[in-house]
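In structure tokens, the next block holds one chain alone, the form predicted on its own.
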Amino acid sequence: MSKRILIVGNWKMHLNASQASVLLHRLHERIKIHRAIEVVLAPSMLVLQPLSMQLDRRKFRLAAQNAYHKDEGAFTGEVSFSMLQDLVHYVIIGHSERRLHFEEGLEVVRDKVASAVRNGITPLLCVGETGQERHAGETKQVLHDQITTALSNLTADEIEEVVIAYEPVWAISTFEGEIAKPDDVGLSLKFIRKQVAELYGEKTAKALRLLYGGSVDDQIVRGYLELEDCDGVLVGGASLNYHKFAGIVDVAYQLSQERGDGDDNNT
């Protein structure tokens, strides 16, 4: 049986509690339940709790955008993974904006991944090269370093539960914003899966879910979802527009039907 297509909406630092509630309501109205599709919403930390009360868990799961790797202690202003256990299924770790703006290096990302797993939360690990690294021919080396370090404290069984999102920094609208060609994305996703296979075995690599994230919207998402190694997408700006985000879910559903996943609507 094929993996469920995973669609993750990263709302970043947008929307207060009431605005987030309105967006979730619109998504509830627009998105149907599909057994072949898993839809995850990553709002700001502030609104995770109220949205968890409003959420239809048959349709959506929640993700945190960040957390601190220590379980507790004198770390004023931080939120730990252990505090998020009852709220979220996923947490985004190593996003390019965290790496660049907050100087989160390889070791910080590694510790966060291990902490997420320790607390029963699935890490959604982001990896990807900058435009400068790409033009210097360093894409594979960057991906290798980011993957091997981030996963170094996990067992093969634990890694099967991790999600890795390839998000080339040069393709994110916040930065250069160049649209990545599906063929290029496919090569990087294949390289990522190969790296995991070499480190932890083919079984682990095959079970791993790989996403693409880089200015994805409803008009171009199909080209990425059709890639052999792509199991879903991490959506940024388009996730704040309920028409576009619901459209992405619709495209994923259509593709699952064409593949014969045997999914029926429940609403």
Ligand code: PGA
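Since the structure is predicted, the reported quantities are computational estimates derived from the model, not experimental observations. So that there is no doubt, residue numbering starts at 1 and follows the sequence shown.
We do not show the form predicted together with 2-phosphoglycolic acid (PGA), though everything after this point is about it.
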Work out which of the listed stretches, 33-41, 48-56, 211-219, 64-72, brings a heavy atom within 4.5 angstroms of 2-phosphoglycolic acid (PGA) in the predicted complex.
-> 211-219
Can you pick the one in Val127, Ala171, Ile192, Val113 that has a heavy atom within 4.5 Å of 2-phosphoglycolic acid (PGA) in the predicted complex?
-> Ala171
Taking the shortest heavy atom distance, is Leu234 within 4.5 Å of 2-phosphoglycolic acid (PGA) in the predicted complex?
-> yes
According to a 4.5 angstroms non-hydrogen atom cut-off, is Glu97 in contact with 2-phosphoglycolic acid (PGA) in the predicted complex?
-> yes
Would you check, heavy atoms only and a 4.5 Å threshold, whether Lys244 touches 2-phosphoglycolic acid (PGA) in the predicted complex?
-> no
Going through 7-24 from first to last, which residues have a non-hydrogen atom within 4.5 Å of 2-phosphoglycolic acid (PGA) in the predicted complex?
-> Asn10, Lys12
